[in-house]
Structures are given as structure tokens and as C-alpha cells.
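This document opens with one chain alone, in C-alpha cells, the form predicted on its own.
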């Protein structure tokens, strides 16, 4: 298993962050809810390949991504619609639209599988950028684990304000009772992947380690290596550069 040794960067990385990275890698290589471990690692590999895709590069330079047609430079044997979703999420997320989403769903990618795909792509991308920020190459992808997806779709996930159904905090009961922390404020980003609860749990584990725990979000006195003002300054700058208008 990958040890996530950041020492070549000459920068001390907190052990709780390294632990979180190991857990996320284990999560990526394990059978998921709608994808096998082999498919999940293939999704991760495709997300990495997307940054060097010539079609994606042309689309990023175009006024509209829809104006550029062609085939993606693919790294894995995944369905065409799946590759399109991975590449757009990885390279051009600021310009995703409901029309585009409806198109990939109509193309055969179930909304449940789409949510799980979003989870894998974004978590792997986060770890890759963490390494890049320290001047290191991305760590090798893990070997997939055998097994079949659980295919658990929570009955409490309902359509609403998002493109996909989500579980409201008041509906998180039974198998999903642990989905959200005991907090008066549950931001939508914590609910975004709840159609596939295991991805929502993985996102929460990542957020707890890299940012602050959800119950602490409203507390300006919380600090880690940085104080809260420094955290928010970095977060705001990164969000602006990535055109993340959440």
C-alpha cells in the first residue's frame, strides 16, 4: 500500500493528513457502490490522462466546449460517455451545465454511477494536486481489490435543488444515520454525493483532514497549522483561480 512519503519535498506533512490519504487510496481501490475496484482505478487513471487530452485542451481554449467535436485521448477501456464525464469534470468543471449532465445520463451513465464517478475523480485529483503543490509527482495508483459493487441506493435520497437526488439531514436515518455530523449546519457540499453514501463519507473524511470538521465551520477561532483567516484566504484564492463559484 502507498505510504505517501512526502519527505523528498523537504516539508513536514501532518501525520493525520497522511493517514487520510492512505484511507482515500484504500477507498479508491475498493469495490464501490456501482463500480468495481478495477473500474474505479480505471476512472482514476482516466482522470489523470485527461490533463493531456488534446480534445480537452482545444475545448478549454474555445468559447464553448460544445463547439469542439472529436474523440478523447483515453487511457482505459471505459465507455465513451463515461470518458466524456471524467474528462469534463477533471478539466473543465466551471462550464458544466444541466444540458451537458442530461446528455451524459441519456448516453447511458446512470445518475448513481455518475455520482460515484464524481467522488473518485475529485478525491484523486485532490491528492494529485497536494503532491504537485509540494513539487512531487503523483503517487502511483493503487492496485484494485476484487469484489462486486454493493448497489445500494438509499431510499431517503430525493430530487430537489441539485441535478441529482440528495439525502437531507433530517432524512439521514437507518444505514445513513452516520452520514452527517451532529451539527446545526450541514453545507450542501456535504450532501452533494449522498446518493452514494460511501462517497459522501469519503468526502467528509477528506474535508475533516484538509479543512475543518463540519461542526467547526462556523467557529472563526478554529486553527490547525494555519489560523482560520489564513485558511479562508488560501481557500478563496484557490477557488477563484479554479473558477469555483460555490
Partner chain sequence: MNGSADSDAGVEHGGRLMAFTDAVMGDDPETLERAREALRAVLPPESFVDAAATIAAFNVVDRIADATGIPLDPMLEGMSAEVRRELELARFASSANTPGAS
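Residue numbers count along the first chain shown, from 1. Small disclaimer: the values here were computed from a predicted structure and weren't measured.
Just so it is clear, the following notes concern the form predicted together with the partner chain, a form of the same protein that is not shown.
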Given that the partner is absent here, does residue 167 sit within 4.5 Å of the partner chain in the predicted bound form, heavy atoms only?
no
Partner contact for residue 74 in the predicted bound form: the partner chain, 4.5 angstroms, heavy atom:
no
is_contact(residue 139, the partner chain) in the predicted bound form, heavy atom dist at most 4.5 Å:
no
Can residue 177 be called a contact residue for the partner chain in the predicted bound form at 4.5 Å between heavy atoms?
no
All of 17, 236 and 240 with a heavy atom within 4.5 Å of the partner chain in the predicted bound form
yes
Here the chain appears without its partner; judged in the predicted bound form, the stretch of 145 to 153, 168 to 176, 74 to 82, 119 to 127 with heavy atoms within 4.5 Å of the partner chain is 119 to 127
Do any residues of 182 to 207 have a non-hydrogen atom within 4.5 angstroms of the partner chain in the predicted bound form? If so, which ones, in sequence order?
185, 186, 187, 188, 189, 192, 193, 203
